[in-house]
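Encoded as structure tokens, the following chain is the form predicted alone, with no partner shown.
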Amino acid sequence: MALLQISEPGSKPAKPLHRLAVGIDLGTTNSLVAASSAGAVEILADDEGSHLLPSVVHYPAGLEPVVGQDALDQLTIDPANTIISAKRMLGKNLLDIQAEGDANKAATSLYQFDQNSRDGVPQILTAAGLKSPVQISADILGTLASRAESVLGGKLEGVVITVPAYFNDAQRQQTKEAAKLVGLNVLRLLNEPTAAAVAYGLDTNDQGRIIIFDLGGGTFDVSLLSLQRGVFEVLSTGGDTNLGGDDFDRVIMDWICSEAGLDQITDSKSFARLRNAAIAAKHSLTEADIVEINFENWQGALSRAQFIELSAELVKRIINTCRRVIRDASISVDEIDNIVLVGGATRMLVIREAVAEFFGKPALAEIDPDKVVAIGAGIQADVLIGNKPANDFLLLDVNPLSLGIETMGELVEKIIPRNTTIPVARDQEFTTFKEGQTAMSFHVVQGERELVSDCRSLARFELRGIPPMVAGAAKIRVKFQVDADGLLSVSAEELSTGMIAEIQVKPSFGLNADAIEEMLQSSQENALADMEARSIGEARLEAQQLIDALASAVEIDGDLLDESESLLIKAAIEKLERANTEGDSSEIRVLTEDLNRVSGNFAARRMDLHIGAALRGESIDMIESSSD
């Protein structure tokens, strides 16, 4: 019997419990935390009223780490122990960081890395010991969480953390690991452009096709979204995890060194002062036409026109990414209804003017571009924790590159195509290639090309315990699943036994924008050649299967062949084997058909023999009853 709780007459209904959850914008340069308060999502400030937390951590000897503005103040005093732009190092190994050169110039110039790090994971030598990008990010997240708990007056039950849309599995995994280190429950990793769409989509009545242009301190994302009746669907996305406001600082730094006649600066304190001078000049040029710069014993002036010229290549990369995203969605620039600016770097006039010129209209910046991502994350956190109905809005992201598996002949079978809405699960059945095969090796790949050698390898795993059967008889179901955070898991199941093998894909390094663009461009430029290569591969595979099957059949039932028939089959096999090495797909298919034709009578006699042997001694009644 159920009990009903009845309130006293005239009493006020109990106030529903408001669970504490926040959205965190973990930025390269600055980070923020947002939460729902009095029906609206607001950015939470620290005790001094500052909303932005510089993504900087200072590690003094024997003391607790210092995070934020106080850490940033240490950059010129103790730069070797003051870590900036740690987000750029997430998901990468030491070789990747060193190979990226200019993209990680701050890291490679300021810090000393442990060259003996296990598995190449970057570890920075500090006065407080070795610190990885995950630990540094954890210290930033912990500071933001403490701020939120102090303001909200309670323990956080969940967080939504934003990441660049082009963060790969390794970068996303390490973001979650950083949160786990400080005891945070990650409700979801939310793509930064999508978070901006959430903020604008719920606060305005704009509908249609919208570009989310997100240029932060160290990363760039641009996404094309369709906003209709509360549904946010990502039509296409692009970006660069090594392009941001830091790179515009760097061109000013290089210009200062050139004008001052200075060689490359290796002293960490001088490098930090140079960086600060460049940042100050960049900020001033947002409003001024010319700015005076003082560095060491040099004085000079930089005009806005010069800055535009210096940053021309960076702007070109940015606009090319926008052009690619529109092309991927198969629409024209004229069909874009609005452009939303996100990220502090979009305050630069050189960016706003370039964006307005390319899209033919000025961009929206009604919400502070520094805050819009955190606000969107805060809205999403409030929904996911249960404070608002989940049907308030629907959020649909996409995976940026196709995911598939290697099949025989080094061909790629795409399981989840590029730009598929996530979360998603897709499965496909495969079978064995050789007779008596008891194990299968699976190679998970990413890319748009038809051959494995032209795609990126993600992971390998094996399924064992397959019952020995004739080739092609086993049924193996391979399932690809991408969760809401963009993380991939792959499983393989042998259907007759239920044997399962699975893997969580955690690559040790990420793709930079150049690699992604090269993969997409190569798939278009080589489309015809790829299809021919696939056609040849499939023809060779089919031919080899027939040759192997006939060889096995002849070994078992060769006495069914007369001499002339045996010679015909042997000659046809030799022709097909030569073509399989040197011929094109058409020749291979014609000779495969020839071999099928000359071996047809032999195959029919084998079938009659083995069916007869199987039925020998059985009565018609028994056969009929077994088929009922």
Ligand code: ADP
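Nothing here was measured: the structure is a model prediction, and the numbers come from that model. Quick note: we count residues from 1 along the sequence shown, nothing fancier.
This next part talks about the form predicted in complex with the named molecule, which is not shown.
Checking K269, R323, H283, K479 for any heavy atom within 4.5 Å of the named molecule in the predicted bound form turns up a single hit: H283. Shown without its partner, this chain lists V291, I279, I97, L384 as candidates; in the predicted bound form, only I279 has a non-hydrogen atom within 4.5 angstroms of the named molecule. Of the heavy atoms in A345, some are within 4.5 Å of the named molecule in the predicted bound form. Among residues of the shown chain, G404 is not one whose heavy atoms approach the named molecule to within 4.5 Å in the predicted bound form. Contact between G218 and the named molecule in the predicted bound form is found at the 4.5 Å heavy atom cutoff.
Contact annotation: S599 falls outside 4.5 Å of the named molecule in the predicted bound form, judged by heavy atom distances. In short, of 428-436, 346-354, 488-496, 376-384 it is 346-354 that has heavy atoms within 4.5 Å of the named molecule in the predicted bound form. Shown here without the named molecule, the chain has G27, T28, T29, N30 in 26-59 lying with a heavy atom within 4.5 Å of that partner in the predicted bound form.
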